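So this first bit is one chain, no partners, the form predicted on its own, shown in structure tokens.
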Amino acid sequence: MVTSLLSTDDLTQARALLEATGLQFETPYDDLVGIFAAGRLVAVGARQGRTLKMLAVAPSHQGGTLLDEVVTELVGRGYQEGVDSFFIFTSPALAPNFETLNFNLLAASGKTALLEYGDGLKRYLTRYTRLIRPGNNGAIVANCNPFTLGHRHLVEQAAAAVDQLFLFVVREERSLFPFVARMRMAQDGTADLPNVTVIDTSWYAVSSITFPTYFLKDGDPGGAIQMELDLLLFAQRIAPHFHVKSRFVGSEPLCGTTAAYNEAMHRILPPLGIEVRETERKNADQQPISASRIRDMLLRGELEGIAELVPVSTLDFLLSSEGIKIWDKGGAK
């Protein structure tokens, strides 16, 4: 029977079991569950949002159904919380063990594999199939927090070079402007470009699943592995579906994490058949136009200069009652 692990003794046993199997006890988590045999914890697992982690079975009890029971319990609890996709990171050598439990391998690098429970990626790709036109297509992945003239410049350059350009807007809700607002600004800011299609990334590009370091901006040592998995997933699963042969990116003189991500693109994508085209960042007042610069100006109340940095459609949204309610609260990311 799978049960919640709550007591001090439960946590002590969970930590010991994890360490005995070469894993670490990681907080925070939303659910922590386990299975006991004769009063001893023999299986453990946890869920943090969409990620399943700390999955371990005592050596004396491996080969049975305990791991399946733990995963089923965690997924069921996640469904009750409204989560519809679940992911796990493991070593490539252990990936087949999870594939037998209805996990699908999304991407694998030298030391890490990313798997998803169920068919979420397939459903995501199918949702946009009707929008795809054959040809030499390109892609941009951007947060658009908010959508700037820098974004617009990059989109214009990219759209002129391909048959269809997909602007993937990051869906993750870790930005000052919520996803719905960022999506709308991107759509309004590119509405006059007939070969630009704006769609969301779901959980499959620059998300808290594939690339959480992007949102931390603190040089997390695990960032290099995350970047590689994120880009491998894009190159091997997403780009082929959308017929993407080129990925466009703006130069990054300000953020070290994003600059490293650009470097990783140049290293990882071309051998997989995707050209990386880097465009010089557009400047204003001899400074690079950046979304972070605009957010800082908003929070300081410096509204006059923003018109020189964003499209009219973005400015209209920022100065609307809906927009003001967002940025006037502070807390930009």
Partner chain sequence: MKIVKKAQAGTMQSSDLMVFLEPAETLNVTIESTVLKQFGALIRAKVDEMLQKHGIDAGEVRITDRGALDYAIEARLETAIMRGTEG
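Numbering follows the first chain given and starts at 1. Only a predicted model underlies this, so the values are computations on that prediction, with no experimental measurement involved.
Omitted from view is the form predicted in complex with its partner chain, to which the following refers.
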Run the contact test on Ala14, Gln24 and Asp31 with a 4.5 Å heavy atom cut-off to its partner chain in the predicted complex and return yes or no. no
Only one of 68-76, 238-246, 166-174, 258-266 gets a heavy atom within 4.5 Å of its partner chain in the predicted complex; which is it? 68-76
Of Asn102, Thr90, Ser251, Ser208, which one comes within 4.5 Å of its partner chain in the predicted complex, counting heavy atoms only? Asn102
Quick one: of Pro178, Gly135, Gly118, Pro194, which gets a non-hydrogen atom within 4.5 angstroms of its partner chain in the predicted complex? Gly118
Taking the shortest heavy atom distance, is Arg127 within 4.5 Å of its partner chain in the predicted complex? no
Close approach of Gly82 to its partner chain in the predicted complex, 4.5 Å, heavy atom: yes
Just checking whether Lys111 would be counted as a contact of its partner chain in the predicted complex - the rule being heavy atoms within 4.5 angstroms. no
